[in-house]
Structures are given as structure tokens and as C-alpha cells.
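Next up: just one chain, as C-alpha cells, the form predicted alone.
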């Protein structure tokens, strides 16, 4: 990445390039734990964590919620929607370089105005994509992934690829096709599908089998088109159980993986896992990450957290180090994020209205994952937790246990072996392990 980019206007004048100052620094605009060049297990923190900035939350979310109007003013806003989009792009790349983020992600209509017609949509999108390409070239920042917003426009009130009206499918296809064209132009590493309206509100008026078949066909068409035009990255499905739909077809990681395999998409598709979506499904962040790793389906990560007192998607910046330690343990054992990254699908709170708050929020998230990385690697290097886990399953490593795992026993033989069964309790030592986690996290204090 090249040094700080400033376009025709400097939008974040009060903020210089954010640098590492260490845990004793009192500067809110400095990293305390994220040192991009620090080596952890043979790679820099920057290489491990692959941070990405979400265009939609950082440069579009104005604090509006169901109960109140916008609270956040954006200095790049212009009465002309296309000029607004140009200004926004320059502001975004100024931010990316000042926060030292190597990647970004966006929805189509985050980056460019939809316009009044399909032709205008395509024209606007490509014009802004050309600008984004020039900004990428000037800064070295790369596109982690892009996606199409197939949920905001009223046309998608009954879904996009799962809509009962065929004409809506065709409009969704235009958006996905154009987004893939733009992705190839920008050298994107992935493409994400988030099915906010791909689901149902009532079974009384829904043919779920037919809708799922249409969704599978649509994804296969997108894959085929992407490969035809030279897209070499992965397609991602981002699971979420509900909101806005009552029940979304990509409910959680296990559901999305089953869908991917059911429709023969496993060579090209994997999952983009979001912490807040996992918790809305009744799981932990680590659970959905582990399910993906077990199935070789972890593609990328949306790095945020939810509020346990709220039953909706609050998209908060990650500050829970316990979450990031567990997440990074799983990611490190997966060999890293490969082509994916940690995308901050997170937004400022609506009362955090200073422009510098956008930096402070991201700094906190980056520091939180940096802590998670270092602590998780220390646990792996020490090996105590991994050793305990292996020992817990050691009865399957030899003898009849190993024969069972190898598929060399039938049920009759297995039942006969019960004569050797010893009726005794073997502790799982959960409290000991949790205490050990605390030792790793706080032993330097």
C-alpha cells in the first residue's frame, strides 16, 4: 500500500495516518495492539488479519434507525448523486490509507446511484468503477469482494432470485452480472451473496422447494458467467437466520453449506461468516467458523459483534477479545483466511457523530483482532489446550477405537465389545480450560 491518499478535497483533515504507538499510548487515534509489520508465526499482522473496510456502513450509514432520523453528516454529500459518488470514493480511499486497511468491500448501490432505469444503473456503475480502479492503482488498496443489493428496493420485497415473479429475477440478474463485470475490472478477490429477502414471511403463500431450486439455479448461472469472464475468486454465501425475512434460506453456516452441496456449488462457493449473524441464529461466532472449517467452507469473515440484550443485527465494532481469541484459534488452524479477509461490517453508533469516531471505531476493532491473533498463537505454540483435546479422544487412536473410526467394525461387533465397558465418569475439565484461557489473556498483567 502506498502512503496516504488525498484527492481533490481532504475530508478527514483532523486525522493523520494512524500508526502503532503501543498499549501505553493515550492517543485515541493510534493503534495500541495492531502493529501491521509485527511478525507472528512467520507472517506480519497485516498478512494474517487482512482487514477490509465496509463501504456501506462507513460511508453510507448516517445513523438513521426505525425510531429516528439521520444523525451523521457526510461532508462528501452533493446534490448531484453522481458527484456524491465520486466524492465518496475519494473520501473512502483517504480513509483506507489513513487507517492502513489493505482491502475494502461494497454493494453496487453503495458505490454508485441506481438511477431511473436499468441502462442508467449500468452506466453509473461502470463510470464509478473506472474511478475506483484509478484509486486502487494510486493507493494499492484492493477489492476484497463486492456484492449486489438485492433487498432494499421495493421490487425485492418478495425476494430476488427466490421471487415468485420471473421479471424480478431478470432485474436481479442484471445487477449480479454488472457487479461481476465490475469485480473483474477491479480485480476483486471474491463475490458475496447475502440473501436478506431470500426467504419467506409465511408458508401459506410460499413454495419453498421451488424458491430454493430457483436460488440454486441463479447461483449456478452467476458462477458460470463469472468464470466465463475471468473471475477467479470465490463466491461467498453470508448466512443469517432472519431480519428482514422471517426465515432466510441461508439460516446459518450448516444450512448454507447443505444448500451449497445440494446444488453442486461446492467447488466455487464457500461461506462469509458474520459474528452478529451467528449469534442471531443462536450460535457463537466460533461455532459457525468451526462448522465452515470442518467442511472446508470458510471463505471470508465479517468482523463485528452484536448486543446480547438486543434481538436484532446491531453491527457493532468488535471489542470482545474472548470472541476474537477463539475466532483466531480456528482461523489460524485453518491455515489463515487465504483469499478472504476480516471485513468490518460494523457501523458507528448513531450518537458517535464526529468524523474521527469512524477512525476510533475501526482502531478498536483492529486492536481487538490483533490481541486475538497474538493470544491465539501463544495458545497454539504452548499446546496445552490442543494436547488436552487430543487426550480426550485418545481411546480412538488405537485398538478397537481406531478400528471403529476406520469403518472396520459392524454394529454386532461393536455391541459385543461392550463387555469391556467401564462405567466411570471422565471429566471434561471445562472450568480448568476456561481458567487457562484467562491465564493466556491476562498473564502479562
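Numbering follows the first chain given and starts at 1. What you see is a predicted model; the values in this text were computed from it and never measured.
Same protein, other form: the form predicted together with ligand XLS, not shown, and the subject of what follows.
Although the partner is absent from the chain shown here, 147, 240 and 302 each have a heavy atom within 4.5 Å of ligand XLS in the model of the complex.
Using a 4.5 Å cutoff between non-hydrogen atoms, residue 200 does not count as a contact of ligand XLS in the model of the complex.
None of the heavy atoms of residue 259 is located within 4.5 Å of ligand XLS in the model of the complex.
Ligand XLS is not drawn, but in the model of the complex it has no heavy atom within 4.5 Å of residue 323. Shown alone here, residue 56 lies within 4.5 Å of ligand XLS in the model of the complex, counting heavy atoms only. Picking from 269 to 277, 112 to 120, 134 to 142, 84 to 92 the stretch near ligand XLS in the model of the complex, with a 4.5 Å limit on heavy atoms, gives 269 to 277.
None of 251, 151, 218, 76 but one reaches within 4.5 angstroms of ligand XLS in the model of the complex through a heavy atom, and that residue is 151. Between the options 125, 96, 191, 194, the residue in contact with ligand XLS in the model of the complex by a heavy atom within 4.5 angstroms is 194. Along 339 to 370, one residue reaches a heavy atom to within 4.5 Å of ligand XLS in the model of the complex: 345.
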